[in-house]
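First, one chain by itself in structure tokens, the form predicted alone.
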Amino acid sequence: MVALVKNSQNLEVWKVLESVKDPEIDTVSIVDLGMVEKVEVEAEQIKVTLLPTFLGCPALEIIRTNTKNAVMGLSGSKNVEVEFIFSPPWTSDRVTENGQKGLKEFGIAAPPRHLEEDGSWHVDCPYCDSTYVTMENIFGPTACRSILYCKSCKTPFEAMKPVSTIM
């Protein structure tokens, strides 16, 4: 888990960022996904620095627009800048507990917290919590997700892929 520094100057901004949802998964915010790296507030200038979950994510411009619109709604904010940076890289351990719950609510298994020595990973079924699951396809509907199948409840589901800098 990555600790995110918040202070009284930017706490209001962080709070409004919790309302900015992932465009595809409306049960998790960009804060819960660990995408917010930094919030800077100076006079009427607000800068939000975000980490994309994947470089080629087609939703980045939507996220930028939604973030800017949400922050512009705050009183006194006239200049809002939203920047994506790629260093440090986003890692799946940045997903908060609320983010894990939101992913599960949407039917997506949260990224695993542990990788095996060989790089393999395991998640439980988000519908019945069974461990009896199989990987159907490492490539899911987006670059950050895979398709799995629960042999207990006979339900296909998606899992958010683990992304780590220690692999």
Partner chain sequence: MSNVERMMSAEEKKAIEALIFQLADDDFLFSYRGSEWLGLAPHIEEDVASSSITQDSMGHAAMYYKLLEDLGVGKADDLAHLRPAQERKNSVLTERVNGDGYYMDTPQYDWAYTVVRSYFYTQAKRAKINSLRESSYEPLREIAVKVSMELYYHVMHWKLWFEQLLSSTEEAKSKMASAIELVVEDMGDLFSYGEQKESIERFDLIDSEEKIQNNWLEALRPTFEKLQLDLPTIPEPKLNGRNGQHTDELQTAIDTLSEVYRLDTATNW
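Numbering follows the first chain given and starts at 1. The structure presented is a predicted model; accordingly, all values stated were derived computationally and were not measured.
If you look for the form predicted in complex with its partner chain, you will not find it shown, but the lines that follow are about it.
Novice: Examine Thr91 and determine whether its closest non-hydrogen atom to its partner chain in the predicted bound form is within 4.5 angstroms.
Specialist: Heavy-atom contact with its partner chain at 4.5 Å: present for Thr91.
Novice: Given that the partner is absent here, does Phe106 sit within 4.5 Å of its partner chain in the predicted bound form, heavy atoms only?
Specialist: Phe106: no, not in contact with its partner chain in the predicted bound form.
Novice: Taking heavy atoms and a 4.5 Å cut-off, does Pro52 contact its partner chain in the predicted bound form?
Specialist: Heavy-atom contact with its partner chain at 4.5 Å: present for Pro52.
Novice: Flag Asn69 as yes or no: does it have a non-hydrogen atom within 4.5 angstroms of any non-hydrogen atom of its partner chain in the predicted bound form?
Specialist: Residue-level check for Asn69: no, no contact with its partner chain.
Novice: Please pick, from Gly34, Gly102, Gly140, Pro126, the one residue with any non-hydrogen atom lying within 4.5 angstroms of its partner chain in the predicted bound form.
Specialist: None of the other options qualify; the answer is Gly140.
Novice: Given the stretches 56-64, 25-33, 126-134, 38-46, which is the single one in contact with its partner chain in the predicted bound form, using a heavy atom cutoff of 4.5 Å?
Specialist: The contacting stretch is 56-64.
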